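What follows is a pair of forms of the same protein chain, given separately as structure tokens and numbered structure 1 and structure 2.
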Structure 1
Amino acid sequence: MILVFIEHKNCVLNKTSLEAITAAQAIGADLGLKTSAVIACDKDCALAQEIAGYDLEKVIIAKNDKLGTYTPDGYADAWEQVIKAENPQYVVMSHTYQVRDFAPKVAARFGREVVGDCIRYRAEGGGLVLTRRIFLGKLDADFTVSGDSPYFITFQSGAFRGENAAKGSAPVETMDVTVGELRMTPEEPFQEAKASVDLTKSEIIVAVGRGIKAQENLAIAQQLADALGADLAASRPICDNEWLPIDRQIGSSGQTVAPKVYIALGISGAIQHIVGMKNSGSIVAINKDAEAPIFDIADYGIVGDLFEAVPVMIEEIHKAKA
């Protein structure tokens, strides 16, 4: 069996969990294992019915009054009991901040480790070979797990597409779990600004780099974003110059995104930026430098002046909508 972790806040789904379902379903098909989903909650979570609409053996609500708000102690206690009851071979999760917080704690209780931030896998010899990026994405490294199960795996955002999760109909079960002392009292999540944007939920992103030249030129990128119904983002130099707020930064020191379409305007493609957007569905790059590294990962590229190309793109988009 495979258990897949469903992350939520007040029964509102973190959509990266659908990517985890897709990954778990794929692994299950390759290894002949059934997949079940687990939701930690303090009540009969309404989200369970939504997850039950996917091709799963069952959806388990790990229920306890102390699980209404996330804490690593509470989630670790709940997951330990679910794993002991279900005896899965694999526990599959998305590589989110929350998972990074509690998953190693759970794995340690079973004397196991977490193979984290994987970008793909292959089935080999009845097991899995897991691939992670190392040295800021410059190299790919393969890992295998040995010893007794369960094996804990997290997949990088965008490694699988949530929309590819197979639909179905699954029963919902409630498992009352015991949660011990909670050693922390969580406060409201920190927000740098009320207007901060979560780019991980964007389907289309228009990102700008040094090639935009001046802050006033951001208007042309915003026009393209408006025409596409996209969100505006940037590489680090733009945010360092305070041309856009820091919550718009994509890269190793910003957000990691995987939209359906990523349009890079005047971005050369430094590795620190690429690690934040390489899993996008389709990448479109516009840059005057034909040797820019961004073209190595782009699906479509325009070698030219963005100030000439973007107005044409906007015009054609409006024509297509007319």
Structure 2
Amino acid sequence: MILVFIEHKNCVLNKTSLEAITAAQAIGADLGLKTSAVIACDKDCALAQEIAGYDLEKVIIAKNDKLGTYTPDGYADAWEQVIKAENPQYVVMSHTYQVRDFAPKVAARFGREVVGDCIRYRAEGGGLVLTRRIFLGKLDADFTVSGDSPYFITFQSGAFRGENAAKGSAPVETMDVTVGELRMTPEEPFQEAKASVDLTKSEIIVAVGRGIKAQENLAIAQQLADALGADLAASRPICDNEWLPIDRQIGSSGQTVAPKVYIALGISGAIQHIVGMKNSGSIVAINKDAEAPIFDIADYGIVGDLFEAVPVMIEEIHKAKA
């Protein structure tokens, strides 16, 4: 069987878990395995009925008072027991920050590891060939697993579509699990500062990455943005350097945007950036490295120096508008 992890906060679903259900159902269909979902919670989780509306063997609530707030120790203990009881061949999860935090710990308890952040799979010879991105997205690699099951697999956000998860009706089962001492004490999650710019409403975004080289060079990106009536955004290193405030950051730890046009200047296209902008209408990439992963998702690309291209663009835009 396959176990799929359902992530939630206070019984509110993290939607990427639906992608994990889709993935698990697809693998199950290919390998002839049934899928059950697992929710860790401190009560008879309100989310269980919603998940029971999918085509699953059953929904298991792993229940313990200590599972109200996420901790790696608590989740690892819960999962260890569920796996021992259910004996799955595969454990499928979405590659969220929470999953990155506890899944390898669970796997290690079984002498296993995670095949992590996969972008696709294919069934071959009764097993799976899993594709992961390596070298910061510059290359793909096909992996096979070996050794005894369970095999732990996580899929990148967006690798499967949550709305494709097959509906059905599954029974809900509660499994009381024991959780040992928690060696970490969590405080309340918080947001640093309320975003003062809402880039989700922007029609056009000019985003700068490390290719801009120096803070003073932001001026030409700003001029391009002004010429286009666009908002300025950035990749993470630019915000880490405090060249732009954090609310301009696009990506998994920043904002998710989908403007009509997204112009990426000197951005390599790491997955954590791409998840924040890949649904843009048209994507333009200017990068001097022809192999930069940003070109994989770009509609228009210029392979070359942004410091040559941008001034000409500004000039041409002014001409076009005149």
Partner chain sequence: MKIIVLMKQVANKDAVLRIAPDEKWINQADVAMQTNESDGYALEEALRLKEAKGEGEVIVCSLGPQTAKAVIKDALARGADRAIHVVVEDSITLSPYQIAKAIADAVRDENADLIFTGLQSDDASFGQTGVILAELLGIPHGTIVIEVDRESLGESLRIKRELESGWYQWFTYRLPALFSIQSGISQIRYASLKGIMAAKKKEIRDVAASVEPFAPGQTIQKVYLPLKTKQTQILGNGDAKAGAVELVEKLRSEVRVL
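The first residue in the sequence of structure 1 is number 1, and each one after it adds one. Take the two forms, superpose them, and find the largest set of C-alpha atoms that agree within 1.5 Å; that set is the rigid core. Nothing here was measured: the structure is a model prediction, and the numbers come from that model.
Between the two isolated copies of the chain, the second is the form predicted in complex with its partner chain. After superposition on the rigid core, displacement of the C-alpha of residue 37 between structure 1 and structure 2 stays below 2 Å. With the core held fixed, the Cα of residue 269 is displaced between structure 1 and structure 2 by 2 Å or more. Taking the rigid core as fixed, one finds a CA shift for residue 243 of 2 Å or more between structure 1 and structure 2. Relative to the superposed rigid core, residue 297 shifts its CA by 2.9 Å between structure 1 and structure 2. Taking the core as the reference frame, the CA atom of residue 254 shifts 5.1 angstrom between structure 1 and structure 2.
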